[in-house]
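Listed next as structure tokens is one chain, alone, in the form predicted on its own.
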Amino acid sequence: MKFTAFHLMSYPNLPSDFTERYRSVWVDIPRALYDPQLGHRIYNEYLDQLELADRLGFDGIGVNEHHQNAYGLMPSPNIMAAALARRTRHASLVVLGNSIALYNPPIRVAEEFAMLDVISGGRLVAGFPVGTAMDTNYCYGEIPATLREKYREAHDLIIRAWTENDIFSFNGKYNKLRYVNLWPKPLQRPHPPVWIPGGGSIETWDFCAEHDYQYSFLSFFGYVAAKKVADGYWETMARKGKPLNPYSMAFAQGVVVAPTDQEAERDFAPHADYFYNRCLHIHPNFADAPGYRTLNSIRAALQSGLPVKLKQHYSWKDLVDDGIIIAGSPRTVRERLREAMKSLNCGHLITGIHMGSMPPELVRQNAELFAREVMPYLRDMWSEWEDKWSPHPLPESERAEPAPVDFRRPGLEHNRIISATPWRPAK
């Protein structure tokens, strides 16, 4: 099994009465709540945490794209991936991803992803999400009914730009380019592996099967509720004659590890409460713009058993008992994760080492315990299958390294001072 340490980069300082005073964490959240000085500190701490995951042996480190919200502070995941490309050596850069229908022209995605792949020595995973209704329809003003059509055209342009050797013209409905001449091209050939993040739309299953892409099921409801969606994906793959290779699916599952089950609740419950009860406080009008989903996907979602909307409030017991998060001692987490991944037939686990308002020292404990006491015990899963959806980087001996910093030069001896006094989340 493969493991990606994913980071939403949530804003950690929303007031305790946020849900009573403000209607949504996304789209129209008041700008006055954002403190750029705190933002400076946490961006650097969040990058430190992903760099730690690389050193701990995670297979991938993941970032994604969202706009105008406190849930995830990455309007440009490519900027984060560029910073990580120079400060990590081993893990795949899992960019989940660029909402390609939002780029005009989408050749920009082809260029920036190619740059990331070349800088990192061929470690890029290219994520192509359609994007949430909040991001695409409300923040960026795209018409819901044409979003998937624009998405498919953008996809076709990007793949051609990566794979064709000659200059070509592109005459699409939404993009008309006389010269498509990609410089640079990606290092991985014919192109970096493509993962398609989704939340249960059946068109996404068909799209993945059609192109042999990996389906990345991103859900905050946990593995128990995800079972029917996963079954739908595998039924689609079987119907289209595709192998039921577990590595062709990734699943996002919240996981936190402590020395004991009791310590897990004591240490992580406040931060899980912050994430589920503040960071996911989304006004229902924003979550599903009319025309954003097809009738078939709406019907499938209703039949899947997934909650139509989040509860008003989640307790720690709700989160753990319903499998929304897997929490506890290393042994507890190992047992539940094995059960979860078997039930979903899933070979790529995407898990956040950070949740909500977790301070840096707790993130480090979580990541180190997971890497040392959980990952090695699950590596044997799916060893009979070939993983065709992970990057193929240059050999270590052929990869360039950043030049070492000379800390003896005046002024540089204090260049990490921000890490010495970590922020503390609001009560």
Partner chain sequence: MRAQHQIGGGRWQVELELCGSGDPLLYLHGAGGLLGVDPFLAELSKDFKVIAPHLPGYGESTGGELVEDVVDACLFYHQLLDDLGIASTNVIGHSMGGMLAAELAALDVHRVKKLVLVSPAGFWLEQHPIPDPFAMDLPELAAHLFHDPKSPLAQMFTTIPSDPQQLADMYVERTKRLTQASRFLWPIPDRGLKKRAWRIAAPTLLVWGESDRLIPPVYAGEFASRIRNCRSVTIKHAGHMVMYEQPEEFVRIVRDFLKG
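Computed from a prediction, not measured in an experiment: that's the story for all the values here. Numbering follows the first chain given and starts at 1.
Another form exists, predicted in complex with its partner chain; not displayed. Remarks below refer to it.
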Residue stretch of 341-349, 194-202, 178-186, 280-288 approaching its partner chain in the predicted bound form, non-hydrogen atom distance within 4.5 Å: 280-288
With the cut-off set at 4.5 Å between non-hydrogen atoms, does H155 touch its partner chain in the predicted bound form? no
Taking its partner chain as it sits in the predicted bound form, is E142 in contact with it (heavy atom to heavy atom, 4.5 Å or less)? yes
At 4.5 Å between heavy atoms, is T146 in contact with its partner chain in the predicted bound form? yes
Although the partner isn't part of this model, could you tell me whether I298 comes within 4.5 Å of its partner chain in the predicted bound form, counting any heavy atom of the residue? yes
In the predicted bound form, the residue from Y103, W316, Y138, F207 with a non-hydrogen atom within 4.5 Å of its partner chain is Y138
Heavy atom within 4.5 Å of its partner chain in the predicted bound form, from candidates K150, R336, R293, H271, belongs to R293
Pick out the residues of 162-185 whose heavy atoms come within 4.5 Å of its partner chain in the predicted bound form. K173
